[in-house]
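Okay, here we've got a single chain as structure tokens, the form predicted on its own, with questions on binding and movement later.
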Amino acid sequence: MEIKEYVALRKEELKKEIAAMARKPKLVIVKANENPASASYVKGKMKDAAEIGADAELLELSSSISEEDLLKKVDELNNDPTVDGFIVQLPLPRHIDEEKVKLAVNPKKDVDGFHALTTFLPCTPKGIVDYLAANDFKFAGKNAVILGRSNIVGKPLARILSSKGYDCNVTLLHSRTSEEDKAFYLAHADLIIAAVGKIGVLDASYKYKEDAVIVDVGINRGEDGLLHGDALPNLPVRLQTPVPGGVGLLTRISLMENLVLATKNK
């Protein structure tokens, strides 16, 4: 099943769930940057919320806002009973400590899944494993190789895939991994997740299993002005997610799923 088809089905299911609820879930998106990519992401999230019948509010703040004032806004949302879940859109201005802001969000409303005590899975890793499961990928005992060790994708995904219920053999590669080792692990991988943020990290110079799956998390603006993934297209594997129109859609639908769950838990 292609990602667009999967996301469309999940939206219809969420729409039915919300229609049967006593009230609509409410999401607030806090945006305090002037990043064009963020503006595009926010627009997509607002569109998703409208399509499933949830209420979504965009709180646009100045990029010059102080850390103290932003934390006050977060506290207000934590204590607002009408708000079921909210996110602080990243990246934040350099003068603001992102980790401090993430930890300030009430874990019960942290639908991004960033807080250490949150009950929600981070959206991108959740979207990936849910999509693979919907495509009947058999996780148990498979070799999963993750390129990139970020706190948003690489590390939480490694934790999820190695946990009980998924039971993958997980290898986390990074900038200090030798080229020889990288080639070895890729050649034996059943599942490869590329989350480095660099065009062409995966190319045809590597050997891959014919039935391997490549999930491309990278979204990179090329010199041609177009968006490219971390993997070059059409590699010799069974399934490779596209860029654009791939993991970004899975991340957004996971946010909506977490919002509905937060409303039910409330």
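These numbers come from a predicted model, not from an experiment. All residue numbers are counted from 1 along the displayed sequence.
Beyond what is shown, the protein has a form predicted together with ligand GUN; the following relates to that form.
*So which of 26, 45, 31, 228 gets a non-hydrogen atom within 4.5 Å of ligand GUN in the predicted bound form?*
None of the other options qualify; the answer is 45.
*Between the options 83, 87, 104, 170, which residue brings a heavy atom to within 4.5 Å of ligand GUN in the predicted bound form?*
Of the listed residues, the single hit is 87.
*Specify the contacting stretch among 157 to 165, 106 to 114, 188 to 196, 142 to 150, defined as having any heavy atom within 4.5 Å of ligand GUN in the predicted bound form.*
Looking at the partner contacts, the answer comes out as 106 to 114.
_Contact test in the predicted bound form: residue 208 vs ligand GUN, heavy atoms, 4.5 Å_ = No - in the predicted bound form, heavy atoms of residue 208 and ligand GUN never come within 4.5 Å of each other.
_Heavy atom contacts to ligand GUN in the predicted bound form at 4.5 Å, residues of 216 to 244 in sequence order_ = Contacts from 216 to 244: none.
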